[in-house]
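There is one chain below, alone, in structure tokens, taken in the form predicted on its own.
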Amino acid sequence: MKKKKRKLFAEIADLHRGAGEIPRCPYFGSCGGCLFQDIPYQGQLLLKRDYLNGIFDGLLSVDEVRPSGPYCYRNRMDMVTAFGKMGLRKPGSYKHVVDIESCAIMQERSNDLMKQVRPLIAGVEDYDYLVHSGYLRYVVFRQAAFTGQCMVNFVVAADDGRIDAVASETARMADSVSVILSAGLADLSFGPVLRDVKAGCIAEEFDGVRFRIAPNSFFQSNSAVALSMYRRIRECVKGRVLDLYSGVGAISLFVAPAAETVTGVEEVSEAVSMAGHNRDDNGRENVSFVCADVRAYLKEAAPECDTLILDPPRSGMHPKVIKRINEMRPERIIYMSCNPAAFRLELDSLEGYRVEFFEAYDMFPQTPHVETLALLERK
């Protein structure tokens, strides 16, 4: 599927190149973080529209992709530390890392922090992920767009304290600093938190709703676009709401004033704990959270609901989850997807629903990714 997507995007993208767009980033072409900086932004929106119309041909038509600020939007960047470098891998080349001093899609304060952290880790052993040897695997930079708060996480292969002096120095500059363990062979930038050197979370705020974000918490990468989508979701909510894959409770808490009750379901315990804090911080008494695998939860104890909100991982939903949703037959389904191809396949499996609206948002400018939002009404 990924190869087909890359090939399709490459064919469409070639139609929009040649307008003399000068990439803002000096690493463009060698770094795999961005693929479209040589295409004018309006052209990027058109190629994503064409891509979506190709996927949904015969089912629905996409007139536009709602824009974002094309640069300085990204909330999180995971910088790999390997081979004496800190940066991102070359496109299509897992073995090579591009040393990056600044990133055009990162927010300004995160970029400043990266420049300050770079000399601090110069004397720390990095990690050779090809032979699985070494110590510092990643430095993760996160920034909340609306509060400006920044987090830095150091991901290490062993708990021996070598990063502690660097982490303490970084804590003078960042709002939250944590050390995370990733000791296995898998190339992961998350894992158990060994220690919070400072705070252990940052806060983001959407229209007065405040969210705590922990080191391993998922949160949308583009706050401005996420806020637009959450406002749209809230317009569609009615009655009893079941929010699957609820993370730190961002959607659940944002839509709560429009709902009778909201139940959020999430399998990551750290996220559920943070969601509980977020509920209490915002005084959302009609919201509750359950720590459970979505498939197991729906099989054992799914409550009746009028509105079902879905924001699954990129891989989409398990077929048995879809089967259970068909049995539940909620009045409406609000589906937020970062993988339109997976959503297209799942539409065929959701029985007895019509697409009331389908919208596309450019959550990830300069990349092939596009976020979609659909309202499905029961026939």
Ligand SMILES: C[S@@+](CC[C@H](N)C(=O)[O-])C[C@H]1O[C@@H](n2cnc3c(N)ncnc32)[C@H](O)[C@@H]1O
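On a predicted model such as this, the values are computed, not experimentally measured, just so you know. So that there is no doubt, residue numbering starts at 1 and follows the sequence shown.
From this point on, the text means the form predicted together with the ligand, which you will not see here.
*Asks:* Is Pro340 close enough to touch the ligand in the predicted complex, meaning at least one heavy atom pair within 4.5 Å?
*Replies:* Outside the cut-off, so no.
*Asks:* Considering only heavy atoms, tell me if Asp293 and the ligand come within 4.5 Å of each other in the predicted complex.
*Replies:* Contact with the ligand, yes.
*Asks:* Closest heavy atom of Ala214 to the ligand in the predicted complex, within 4.5 Å or not?
*Replies:* No.
*Asks:* Looking at the partner-bound form in the predicted complex, is Gly247 within 4.5 Å of the ligand by any heavy atom?
*Replies:* Judged by the heavy-atom cut-off of 4.5 Å, Gly247 is in contact with the ligand in the predicted complex.
*Asks:* Just give me the single entry in Ser178, Gln220, Thr81, Gln107 that has a non-hydrogen atom within 4.5 angstroms of the ligand in the predicted complex.
*Replies:* Looking at Ser178, Gln220, Thr81, Gln107 one by one, just Gln220 meets the 4.5 Å heavy-atom criterion.
*Asks:* Going by heavy atom distances of 4.5 angstroms or less, which of Asp311, Asp38, Asp50, Glu346 would be at the interface with the ligand in the predicted complex?
*Replies:* Contact check passes for Asp311.
*Asks:* Which of these stretches, 141-149, 107-115, 125-133, 285-293, has heavy atoms within 4.5 Å of the ligand in the predicted complex?
*Replies:* Heavy atoms within 4.5 Å of the ligand in the predicted complex occur in 285-293.
*Asks:* Taking heavy atoms and a 4.5 Å limit, what residues of 321-337 are near the ligand in the predicted complex?
*Replies:* Result: empty, none.
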